[in-house]
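First, one chain by itself in C-alpha cells, the form predicted alone.
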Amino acid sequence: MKIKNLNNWGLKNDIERPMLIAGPCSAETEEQVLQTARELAKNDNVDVYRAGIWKPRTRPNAFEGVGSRGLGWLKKVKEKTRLPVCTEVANTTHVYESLKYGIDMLWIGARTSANPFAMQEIAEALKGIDIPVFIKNPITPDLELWIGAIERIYNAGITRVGAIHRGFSNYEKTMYRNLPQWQIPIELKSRIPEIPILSDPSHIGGKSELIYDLSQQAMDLNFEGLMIETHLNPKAALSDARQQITPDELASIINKLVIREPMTDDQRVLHELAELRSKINILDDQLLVTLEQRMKIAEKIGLYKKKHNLTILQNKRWEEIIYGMIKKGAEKGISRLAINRIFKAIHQESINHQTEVMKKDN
C-alpha cells in the first residue's frame, strides 16, 4: 500500500508524534461543542477536534446523537478555532452529510468495521473523494477483518488511511472496558508497515484514570498518535461519561508523556541490546523444546484416555492447572491475564494433540 505519511495528510502543518485527536464522545449542544473546542484550541498539542454526531448505542432509548445538525456545529468549530474536525460515519448517508458540511476527516467505528457489507458501501461512497479516513479495529480480535476493512477504503482510492486501536470486547471481567490485546495492532503494523496507528485509550480503559498509563504504553510501542475523549464536564456527559476527561486533564496527560525514539545510532546501546536479545533467543528455544516434550506427554495421555474410553476434556484437572499457574505466576511477577492466555493456548494445543490421537485407528 502507498499510504501517505501523517505530515502529508494536509490537516495541520508539521504534525509531531503523537498526533492528538480530542473532543467529546458526543456533540450534545452547540455551546458544549464550541466551548470545548475553544479550550482545546489553547493546547498546541491538539491536532484535530472530534465529536460523535451519530452514536451507535448497544441498547435502545440511549442517547444516539444529535444527527446532522451537529455537523453545522463542527463547521463553526473549524471557522472559529481553525482546528480540523472529524466525526464517525457508519453508512453512506453519514458520509454524504459529512462531506456536505466540509468535515476534514472521518473515522469508522468498531461495529461498522466488523461488517464487510457496510464497509464496502462506505468505500463506494468515498470513491473519488480525497479525505483522510481512520478505521477502528472490529469489536472482536479479528486481524483479517480489520485488514479487510482497511483494504476496502484504500481500494476506493483513499491514500490517507490509518487505523485506530480501541481494544476488543471480552466476555471475562477485567480492569479494562475493552482488552488492549496489543499484539494485534503490533501484527497489523508488521503486515502494513506504512499505516499510521493511533490508540484510543478512552475506549480501551473505559475509565478516565486509566488514560495516562494506556497512552504511555501506546507511545512506548511507537504508535503514531492518540484519540482521547475530552468533555468540559465529563460527569454531565450524555454518553460514556466515565471515560472522558477535561481539557485541562488532557493537557496534563500529554505533558507527562515520555516520547521515546524508535531507533538509536549509539553503538554501545545497540551492542548491549544485541546481547540481551541473544539471551532471549536462547530462552525461546528452550521454551519450544519444553513445549515439544509437553505435547509428547499429552499424546501419551490421549492414548491412555482412548484405551479406557475417557473424554479428552477433564474440567477439574484444567481448573487445578490454571489456578495453580496463576498463583505461581503472581509469585514470579507474571500477570493473571498473561498466565490465562499462555496456559489456555497450551491447553488447547494439548487438546488438539489428544484429538488427533483419538482419531487414529486402533
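Counting begins at 1, following the sequence as shown. As the structure is a prediction and not an experimental result, all values here were calculated from the model.
Below, we turn to the form predicted in complex with a small molecule, even though it does not appear here.
**Q** What is the one choice in Lys75, Arg111, Arg242, Lys100 with a heavy atom within 4.5 Å of the small molecule in the predicted bound form?
**A** Of the candidates Lys75, Arg111, Arg242, Lys100, Arg111 is the one lying within 4.5 Å of the small molecule in the predicted bound form.
**Q** Spot the stretch among 151 to 159, 269 to 277, 283 to 291, 103 to 111 with residues whose non-hydrogen atoms come within 4.5 Å of the small molecule in the predicted bound form.
**A** The contacting stretch here is 103 to 111.
**Q** Answer yes if any heavy atom of Lys55 is within 4.5 Å of a heavy atom of the small molecule in the predicted bound form; otherwise answer no.
**A** Although the small molecule is absent here, Lys55 would touch it in the predicted bound form, with heavy atoms inside 4.5 Å.
**Q** Please determine whether Leu20 contacts the small molecule in the predicted bound form, using a 4.5 Å cut-off between heavy atoms.
**A** No, Leu20 sits far enough from the small molecule in the predicted bound form that none of its heavy atoms falls within 4.5 Å.
**Q** Please tell me whether any heavy atom belonging to Arg166 falls inside 4.5 Å of a heavy atom of the small molecule, as the geometry stands in the predicted bound form.
**A** Residue-level check for Arg166: yes, a contact with the small molecule.
**Q** Using the partner position in the predicted bound form, report whether His94 sits within 4.5 Å of the small molecule, counting heavy atoms only.
**A** No - in the predicted bound form, heavy atoms of His94 and the small molecule never come within 4.5 Å of each other.
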